[in-house]
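Next up is one chain by itself, shown in structure tokens, the form predicted alone.
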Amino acid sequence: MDAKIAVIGTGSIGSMTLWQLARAGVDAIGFEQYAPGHDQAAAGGESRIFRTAYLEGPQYVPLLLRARELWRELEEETGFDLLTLNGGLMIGHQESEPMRIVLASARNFDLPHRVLGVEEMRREYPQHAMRDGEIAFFDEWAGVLRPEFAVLAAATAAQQRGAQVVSGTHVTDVEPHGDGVRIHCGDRTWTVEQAIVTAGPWTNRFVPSLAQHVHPRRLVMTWYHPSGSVTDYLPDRFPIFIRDTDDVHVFGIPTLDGGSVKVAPHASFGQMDDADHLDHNVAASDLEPINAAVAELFPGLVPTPVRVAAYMDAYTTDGHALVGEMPGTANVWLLGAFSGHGFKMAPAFGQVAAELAVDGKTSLPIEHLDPNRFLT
């Protein structure tokens, strides 16, 4: 055996999985076709949102709370500054389903929050132009994550604890064999007791039985300059936000470079045929909806982006990830297709993966993410 457990892909989830395995003293090896901290898949783009009151459902809150603890542990272990909790605004109509879910999350888990009406928002956060009938939910435990640094930090911490990382290696097959698993890459085959597939946008290549339910999608991020002083958009004055109102679905993050503010579509730019063929070019016509939203809702920003970047992630047909045993295999676990919502919870899912592989079960709630739900 080359190692006890192999991790296929050391991006958002894989790097955290490798870190958790190494913390537990498990002989682990990670395979990465680029290198930890790259920006060619789902973890690029300088910043990601962290939030605890969750639009996607209260069932995620325990995972988010555990992730928050683990982000701090990773920072302490590595010295990296990864999570800035500057608060977060969820903006929408009071009676909309997303706002009802956010409020339910806060009530059920006693999350610190405030609810602001239009006049309060205009007074406290004039950077946002509010529509009639909107409210804002302020999540005190929300903030900004640094994705590239986080992946590099986790992979480095794992290696310092004895894990191996094989970079620049393209895995072509994960083959259960007898009591173990063979990892085929290049001209070499590695043998391990178990494998954990955390392949991000390439997830569907490893799960043929779910291929019709899992597809890579292209994500576009955009940054805008303030028309006046940038100080109104620094983290201490401009919380992260998600706006989900009628035809507007955007998210944003304060300036981290002292000049540009991320305001980007909170949706994908369509399904891709192959994750190897990500088009990094963005047509000007594709930016018209987000530019129009910025012009209407952010009067202090110039509504023409100063930076545009394309990334990708794997999405399922129901918008929830695949976490559990790989269907139809033995000794292989799957964590993938997080549908644009995985990074904030990555350390918690690293714990989930390590617990599944070592103990066959996890202490965190993942029942709603069972990959077999698409096969019944």
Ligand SMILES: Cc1cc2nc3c(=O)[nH]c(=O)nc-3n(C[C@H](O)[C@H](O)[C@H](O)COP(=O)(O)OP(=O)(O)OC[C@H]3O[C@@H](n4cnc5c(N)ncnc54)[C@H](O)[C@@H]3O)c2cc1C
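For every residue, the number given is its place in the sequence shown, counted from 1. These numbers come from a predicted model, not from an experiment.
Although not depicted, the form predicted in complex with the named molecule is the subject of the following passage.
*Work out which of the listed stretches, 290 to 298, 82 to 90, 107 to 115, 202 to 210, brings a heavy atom within 4.5 angstroms of the named molecule in the model of the complex.*
Looking at the partner contacts, the answer comes out as 202 to 210.
*asked:* Check Arg307 for me: does it contact the named molecule in the model of the complex (non-hydrogen atoms, 4.5 angstroms)?
replied: Because no heavy atom of Arg307 falls inside 4.5 Å of the named molecule in the model of the complex, the answer is no.
*With the cut-off set at 4.5 Å between non-hydrogen atoms, does Ile13 touch the named molecule in the model of the complex?*
Ile13 belongs to the contact set for the named molecule.
*For Met312, is any heavy atom within 4.5 Å of the named molecule in the model of the complex, or not?*
Although the named molecule is absent here, Met312 would touch it in the model of the complex, with heavy atoms inside 4.5 Å.
*asked:* Taking the named molecule as it sits in the model of the complex, is Gly342 near enough to touch it, meaning that at least one heavy atom pair lies within 4.5 angstroms?
replied: Gly342: yes, in contact with the named molecule in the model of the complex.
*Considering the named molecule in the model of the complex, which of Gln94, Thr231, Thr191, Thr169 comes within 4.5 Å of it through any heavy atom?*
Contact with the named molecule in the model of the complex is made by Thr169 alone.
*Considering Val332, Val26, Ile49, Leu55, which brings a non-hydrogen atom within 4.5 Å of the named molecule in the model of the complex?*
So the residue touching the named molecule in the model of the complex, by this definition, is Ile49.
*asked:* Heavy atom within 4.5 Å of the named molecule in the model of the complex: which residues of 38 to 67 meet that condition, in order?
replied: Those in contact are His38, Ala41, Ala42, Ala43, Arg48, Ile49.
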